[in-house]
Ligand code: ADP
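What follows is one chain in structure tokens, specifically the form predicted alone.
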Amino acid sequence: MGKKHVEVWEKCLTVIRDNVPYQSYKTWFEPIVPVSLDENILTLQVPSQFFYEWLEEHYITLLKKTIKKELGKEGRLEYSVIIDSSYNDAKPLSVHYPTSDRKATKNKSVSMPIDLNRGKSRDIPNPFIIPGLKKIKVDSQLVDTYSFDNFVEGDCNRLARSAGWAIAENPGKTAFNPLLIYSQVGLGKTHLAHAIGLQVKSNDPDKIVLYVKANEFINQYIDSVRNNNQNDFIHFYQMIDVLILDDIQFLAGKEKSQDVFFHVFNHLHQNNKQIVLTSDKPPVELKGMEPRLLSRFKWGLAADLQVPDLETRISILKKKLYKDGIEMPDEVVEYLAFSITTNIREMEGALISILAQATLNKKAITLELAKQMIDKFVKSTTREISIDYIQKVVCDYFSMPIDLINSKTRKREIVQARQLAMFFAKKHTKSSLATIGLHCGNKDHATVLHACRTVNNLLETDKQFRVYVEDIDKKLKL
């Protein structure tokens, strides 16, 4: 049939693109490759079992309608799922699944040898075991405040949070095993990892859940070697139902620790025990890791936590204030959310500083006090003006709602405000043209370039426009 399947899928994408958010389209539809069109069955190749299940759960209705629109009432869809065994140099398998109206429940496992001694269960000397009890009891090392209730969901973390909740409700039985959560520092990896463990314990207190930092794991292993009880160490970790290992990047270069974790991982995975990992880098950027371990990290889901948008940052601050029973003017909360954009931990730290200053000096919490405190804080963290903040300043200057600047309207005053926001974003941030366009009405980089040229031309020819630019620039530098 030549390239008929490609043409059909391109037509489907045209419809899908108009019916899903931009980021969802990039994440879930761009990686799909059309494979064949046999009679009225279109086969699509997807990267993983998890990918297939996610499409079936969230986009099946849209996919079916689109396929039937292009192929008629008899049109059907099949998936070709790539399963990378990453074991004994085996080639990736391609497994065909028909589409359905419910989430797939197929589970595939690969048998792997583990040449470890398996002694009888007994009391094991380990720092996490509470002594004096006949039955082994493990202190989970979980922090109660790091719960799902206290985790603010937004576009920046929705995938990771949804996967985490699914795991917590059915540990070891989903396609998300292992779950690897990665992001820059201060964006909530540890919080989400603890939340999963806490929810598992809440559902089933008898489950053995353990949160441990990679550095602690390494130190325990070194101690077990020194005390000649490596088997005890391994047996302990093989008993865990949900193992949460934080900051796995610290395993890099530690060959012996990686080797022992490899065997622990295999045992837990084979026995449908849940593994949750966190890292400051995605798997492909983890240097100094054994390939066989890296391949296992890719078996489940690697989900990133992105920098939260303005609304999510405001929600985080308001939730914290509500939880602590503290009232604060909205303008102070918004100023704080605008000022610190890339690190939730730093933003919460600045909030605590404002509260402490107000309490100790018996001052009211005002915008002026917040500016004094945040300016000191921001200088020490080398703050960069955010695109969100630029949009707010521009919109406030022209007395228009911020959502208008991102709308599709072609009204002259709104187009001009949007162009100014793009111009100042290019001038005051390190963001790429594509990123600026994405934040300013989902435009492409060519539109941003055009906006910058337009503003520069008007600066030379329009005195009133030059006043606008100078005024806004001063406000941005305050």
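The structure presented is a predicted model; accordingly, all values stated were derived computationally and were not measured. All residue numbers refer to positions in the sequence shown, first residue = 1.
In what follows, reference is made to the form predicted together with the ligand, a form of this protein that is not presented.
Which of 405, 163, 187, 243 has a heavy atom within 4.5 Å of the ligand in the model of the complex? Flagged contact: 187.
Scan 339, 199, 183, 177 and let me know which has any heavy atom within 4.5 Å of the ligand in the model of the complex. Only one option qualifies, and that one is 183.
What stretch, of 342-350, 290-298, 259-267, 199-207, brings heavy atoms to within 4.5 Å of the ligand in the model of the complex? Of the stretches listed, the one contacting the partner is 342-350.
Even though the ligand is not shown here, does residue 146 get within 4.5 Å of it in the model of the complex, heavy atoms only? Flag for residue 146 set to yes.
Taking the ligand as it sits in the model of the complex, is residue 230 near enough to touch it, meaning that at least one heavy atom pair lies within 4.5 angstroms? No, residue 230 sits far enough from the ligand in the model of the complex that none of its heavy atoms falls within 4.5 Å.
Hey, in the model of the complex, is residue 373 touching the ligand, heavy atoms inside 4.5 Å? No - in the model of the complex, heavy atoms of residue 373 and the ligand never come within 4.5 Å of each other.
Exercise: residue 387 in contact with the ligand in the model of the complex, heavy atom 4.5 Å: Although the ligand is absent here, residue 387 would stay clear of it in the model of the complex, with no heavy atoms inside 4.5 Å.
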